[in-house]
Ligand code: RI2
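Next comes just one chain, in structure tokens: the form predicted alone.
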Amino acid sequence: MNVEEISIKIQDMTIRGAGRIARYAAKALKDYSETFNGQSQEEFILGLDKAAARLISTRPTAISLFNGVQITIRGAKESSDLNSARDLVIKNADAFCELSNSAYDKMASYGSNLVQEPNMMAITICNSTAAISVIKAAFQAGKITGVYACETRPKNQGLITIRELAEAGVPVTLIVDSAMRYVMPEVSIAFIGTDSLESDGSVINKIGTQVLAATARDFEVPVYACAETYKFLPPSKAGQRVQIELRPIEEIIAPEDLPENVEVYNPVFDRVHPSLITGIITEIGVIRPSEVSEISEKYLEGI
């Protein structure tokens, strides 16, 4: 698929998940580089910048997408000639996708080790490959007995989660989002995904995550966010707040069914305060929210 095809699929959420959209964006830029038939480096860079901007515009909240694009195009403008620039983008794209995919196994190991007692019940929300990797590893190690998965309105990403967990043999129970407090007395640990991590340690994740985290706090249940380092807000954006994306009303109600003089508000993400997060599971280890800025400077230098 080319840049425009992938952009459309990211925008309409055919391609979803923070890590997945970042990898597809990298692949789109690789495709642009491989199929570029111009003659000058200047023309290549202009097209590359346009492609990068188009991809980033599809999901403004997803820092993983922004970082994946920036990592892929990093250094291309400084290349000595057209071929070097093209080769560098292709190399960067392949390296980023490899790093992204390999992160899951490392995070799964770190996350599983957090479960100290056997026969624990976990809870999750939305659909996160990183969180699912941790849950599967903990189950395979005999540390958790099952999972409550929130359906995650309005797009019902929880239905993807229950299918993936069931296919892995993990006992999973689907609940409506508003039932999370009802089941929380049975839960011992929460694993959530992360779309973006702000520099103060705030976790940006699917709407409903803050309710889950606050409910878990009330029941003294630890909450671990799962986030590859490329989901951290880059140093160049330190102190900024991630723009919370608003989605179309059609995800909630058909426009023709909407009563007159009624508006629909559909924010797709929550900002979870760092005080509600016990720790952040990354491919380099488990860190505290207070360490996010330091890790960002180390791993996202130049972005």
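Bear in mind the structure is a predicted one, so any value in this text is a computation, not a measurement. Throughout, we count residues from 1 along the sequence that is shown.
There is also a form predicted in complex with the ligand; it is not shown, and the following applies to it.
K.L.:
Going by a heavy atom distance of 4.5 Å, is A190 a contact of the ligand in the predicted bound form?
P.N.:
A190 lies outside the contact set for the ligand.
K.L.:
Test of understanding: in the predicted bound form, would R16 fall inside 4.5 Å of the ligand by heavy atoms?
P.N.:
Yes, R16 sits close enough to the ligand in the predicted bound form that at least one of its heavy atoms falls within 4.5 Å.
K.L.:
Can you tell me whether N205 touches the ligand? I mean in the predicted bound form, with a 4.5 angstroms heavy atom cut-off.
P.N.:
N205 belongs to the contact set for the ligand.
K.L.:
Could you tell me if T194 has a non-hydrogen atom within 4.5 Å of the ligand in the predicted bound form?
P.N.:
Because a heavy atom of T194 falls inside 4.5 Å of the ligand in the predicted bound form, the answer is yes.
K.L.:
Can you check 172 to 180, 120 to 128, 90 to 98, 134 to 142 and let me know which stretch has heavy atoms within 4.5 Å of the ligand in the predicted bound form?
P.N.:
Heavy-atom contact with the partner occurs in 120 to 128.
K.L.:
Pick from S199, T215, T229, Q157: which residue has any heavy atom within 4.5 angstroms of the ligand in the predicted bound form?
P.N.:
It is Q157 that has a heavy atom within 4.5 Å of the partner.
K.L.:
By the heavy atom within 4.5 Å rule, which residue out of F44, F66, F269, Y32 makes contact with the ligand in the predicted bound form?
P.N.:
Contact check passes for F269.
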